[in-house]
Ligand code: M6R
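One chain comes next, on its own, written as structure tokens: the form predicted alone.
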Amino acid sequence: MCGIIAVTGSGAKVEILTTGLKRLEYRGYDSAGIITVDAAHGFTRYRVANGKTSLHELEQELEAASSNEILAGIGHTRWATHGGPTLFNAHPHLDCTEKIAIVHNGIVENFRELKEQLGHNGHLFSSETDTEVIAHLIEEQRPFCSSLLEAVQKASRLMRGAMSFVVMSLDDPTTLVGFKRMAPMMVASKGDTWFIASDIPAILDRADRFFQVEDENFVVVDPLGAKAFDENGSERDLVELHANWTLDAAERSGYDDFMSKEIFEQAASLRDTVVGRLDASQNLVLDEHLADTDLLARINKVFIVACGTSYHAGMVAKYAIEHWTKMPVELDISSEFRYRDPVVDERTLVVAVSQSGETLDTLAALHEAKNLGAQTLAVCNVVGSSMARLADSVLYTRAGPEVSVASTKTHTAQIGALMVLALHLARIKGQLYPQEVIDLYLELCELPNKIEEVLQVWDSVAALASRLSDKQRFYFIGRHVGYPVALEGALKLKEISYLPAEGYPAGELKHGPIAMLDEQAVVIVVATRTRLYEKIMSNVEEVRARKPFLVILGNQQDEGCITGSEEFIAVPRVHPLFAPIIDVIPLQMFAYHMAKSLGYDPDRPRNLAKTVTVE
């Protein structure tokens, strides 16, 4: 979830780049950089990182060392995925000749094999990033191509993954070449000054015309204009956009708030997290710092520690790891772990889950696990975070920055990452055949497409929330993997609408909660086709008899199971252990629409903080 801006033409100035990067700060960043070209000096590159991520400091460096007037330039704010948030990993990156510069948003899934091949061909790398591979691929193609565009087209055919990038070359210093594949990119202009950017906010007050770039298209932008081409070199139309947003609205990509934006980003964030983790030998690849397989093969117990929404992701993982590896899995709230004498040793893998990697309780639990001699693994969203540095191993979610306090896309990304871990452990432990692991992994990689289907229920969930806005008591129930989904649905509703909501395993209804059910209650049942479908439908009958308002979240083919005034929310059917990724999304929507119907700001729930750094 990086930010890109590029400019060329008579109005090109350094200040446009620095201001544009400031406008993209809402996307999150841990390093930033700019490269400019002018007639006197060629390329001049400036980068900040290692905690020095203030764009004000980048501006100061540029003011001290460079004229404001340039022929062209590209800028970038980086949210680290491949390689830590260090200066040498900051964009822009150069090729071996230092004549090609690039900034990039997205992931090159097969960068490891490409990097190895380029290394055999004599290329030298100065960073750990997947981005630098693109620069060297273009460099390798350039001598055999008539233009930079052709070299970029050929290089793009070698890369897998969702990405967008912008390239400059000293051979034609006023020309920018961009490529878009399932990652944001647009073109804009004012007079003969032209821009490429990842988002409209970067240039909203600079340009007066805006153009959408289609997927798998290339753009060539120079002071004379912009042209789009497909992968075969045929010219394509640039579709003009009519942007009447304010700057504040543009940062949210036109959504009313960040929470709704982040709900709709879940297909992309899950795709970035799980896709591209098979290497050339068809083995699952986790992350660069992961413990070697010999250590993991000796593990005989897994312990998951987390808080809040991350804890619910850990609950889902418990079912999957136990099912696929046959190892026992314990689960603990982070704040309780170190105060109860947990039984762990050197053959225990302690998995700490946190969006930020800075959650104090989880960080303290990780310290305790290491003191007890356990193997440790952090699942987090921020490269170089405290947990990532402390743990023996790291598995990154690649959800990008999440601005809204209530987690949505990082929750589904966490479940996706933990599914990858479960499959990886199953193969190491020999509990699944290699082909079984690959088949399950490929099914996991199809889930982003299923999420796109789920997002279509947005309007119907909004109507349901409006209908229930006067209700005061909500009960969420589920069985097996549906239970953590129920807990997460109740938590979301409490977090942002401040309504009393409880999540229960459906089998526990008759042990107390059923006494609360009457016509004033709302019961939301997670009843997708998982392992205990028949039992959960028996629980539905128990609920019906008490006449609350009943909402059933089920698979599309089961919509006929409702009666009377009940509501049914339909989602596509997937592998039962993957179902929580799909099933939780309508419950996120429901909490969001309830908050909006009651007049609350879903991005800033009272009394809550995004990262809890106190015990």
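C-alpha atoms forming the largest set that superposes within 1.5 Å between two forms make up the rigid core. Everything numeric here is computed off the predicted structure, so don't read it as measured data. Numbering starts at 1 and runs along the sequence shown.
One more form of this protein, predicted together with the named molecule, exists but is not displayed; see below.
Contact with the named molecule, judged by heavy atoms within 4.5 Å in the predicted complex, is confined among 421 to 429, 471 to 479, 263 to 271, 490 to 498 to 490 to 498.
A single residue from the set 447, 108, 406, 90 has any heavy atom within 4.5 angstroms of the named molecule in the predicted complex; that residue is 406. Among 189, 309, 127, 153, the residue placing a heavy atom within 4.5 Å of the named molecule in the predicted complex is 309.
Contact annotation for residue 356: at least one heavy atom lies within 4.5 Å of the named molecule in the predicted complex.
By the criterion of a heavy atom within 4.5 Å, residue 414 is counted among the residues contacting the named molecule in the predicted complex. A displacement of 2 angstroms or greater separates the C-alpha positions of residue 199 between the shown form and the other one, with the rigid core held in common.
In this overlay on the rigid core, residue 308 has a C-alpha that sits less than 2 Å away from its partner position between the shown form and the other one. Core-superposed comparison between the shown form and the other one: CA of residue 184 displaced by 2 Å or more. With a change of no less than 3 Å, the CA-CA distance between residue 449 and residue 199 is larger in the predicted complex than in the form shown. With a change of no less than 3 Å, the CA-CA distance between residue 184 and residue 406 is smaller in the predicted complex than in the form shown.
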